[in-house]
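In structure tokens, one chain follows: the form predicted alone.
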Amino acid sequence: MTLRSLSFWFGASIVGFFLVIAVIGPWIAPYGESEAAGDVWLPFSHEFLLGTDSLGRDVLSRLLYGTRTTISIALIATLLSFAIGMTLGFTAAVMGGFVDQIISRAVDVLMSIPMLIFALVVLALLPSSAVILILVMAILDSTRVFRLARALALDIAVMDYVEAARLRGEGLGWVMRREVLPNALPPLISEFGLRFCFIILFLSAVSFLGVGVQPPQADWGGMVRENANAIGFGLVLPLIPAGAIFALTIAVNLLVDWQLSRSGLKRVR
């Protein structure tokens, strides 16, 4: 087994583990998501395998619930960002002209605003809900997807088979779905993994700052914020959800590197 295939299986195992936990976590959690099960900041024990947090809640239970919340919100936001970005990117590249200029300039304006600052302002003004959080992250991240999708589609749109489809009278939707998308798919799949990692980190950041997932609902970034003061007492509680963030993002990056090497693409940072 080569080193690259070993890294693939290692990454796939970790990602698979987190996906399973996201599905079954709430059913195997020993306590409720917001249940005060004991005293505050209890150490590891047979009753509380990962101890308790600043409110006496079981850290393991909240980590299991938080895995589902973090992964589901990040996955939905990534899928929505790709749906928006790919649709606009392919449309701009295939139609060109005035349509391309309007969409591209609008994306440039949105990208000129720092993402975190823009998200903090919007999330602070709008009602706190998972739907609002997903929409904000998806719209902001779709600008990056748009740039890649448009660049790929511009190269594909000048190919002979696309010109032949246009001469046959095929519509815009048919050309994007049957000609552009299949040829742009390999780099977009790799980009999906990278954008998913970014949204995981972005979601954790806004939750840490208090405008993301709201308590008592658990998510990884919020768990770090809730137990940040434990570091001053020599406790490792904030490092547990931080370690989950680290493990998942590294594992997804290993899969992305494998996909890039398999398709012969170069990774652009």
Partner chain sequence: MTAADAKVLRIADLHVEAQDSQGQWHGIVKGVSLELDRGEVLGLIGESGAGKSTIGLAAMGYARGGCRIAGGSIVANGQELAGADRDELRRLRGVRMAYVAQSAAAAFNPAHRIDRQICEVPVSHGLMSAEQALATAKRLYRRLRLPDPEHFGRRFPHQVSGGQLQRAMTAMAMICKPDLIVFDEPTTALDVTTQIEVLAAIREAMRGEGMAALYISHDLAVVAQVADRIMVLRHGKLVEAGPAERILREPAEPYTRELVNVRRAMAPEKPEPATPPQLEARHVTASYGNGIRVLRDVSIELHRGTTLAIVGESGSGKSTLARVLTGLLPWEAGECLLDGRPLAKRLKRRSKSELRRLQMIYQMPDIALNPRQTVREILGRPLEFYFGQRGAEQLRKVEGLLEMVELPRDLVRRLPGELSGGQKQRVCIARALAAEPEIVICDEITSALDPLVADGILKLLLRIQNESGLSYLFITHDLATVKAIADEIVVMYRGEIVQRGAKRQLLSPPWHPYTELLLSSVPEMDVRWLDRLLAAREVSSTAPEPAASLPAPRP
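Take the two forms, find the largest set of C-alpha atoms that superpose within 1.5 Å, and that set is the rigid core. Positions refer to the first chain, counted from 1. The structure displayed is predicted, hence computed values, not measured ones.
Here the subject shifts to the form predicted in complex with its partner chain, a form of this protein not shown in this document.
Listed stretches are 83-91, 161-169, 96-104, 67-75; the contact stretch with its partner chain in the model of the complex is 161-169, by a heavy atom cutoff of 4.5 Å. Each of 174, 183 and 186 comes within 4.5 Å of its partner chain in the model of the complex, counting any heavy atom.
Interface residue remark: residue 141 is not counted as part of the site for its partner chain in the model of the complex, having no heavy atom within 4.5 Å.
Core-superposed comparison between this form and the one not shown: the C-alpha position of residue 198 differs by less than 2 Å. The rigid-core alignment places the CA of residue 175 2 Å or more apart between this form and the one not shown.
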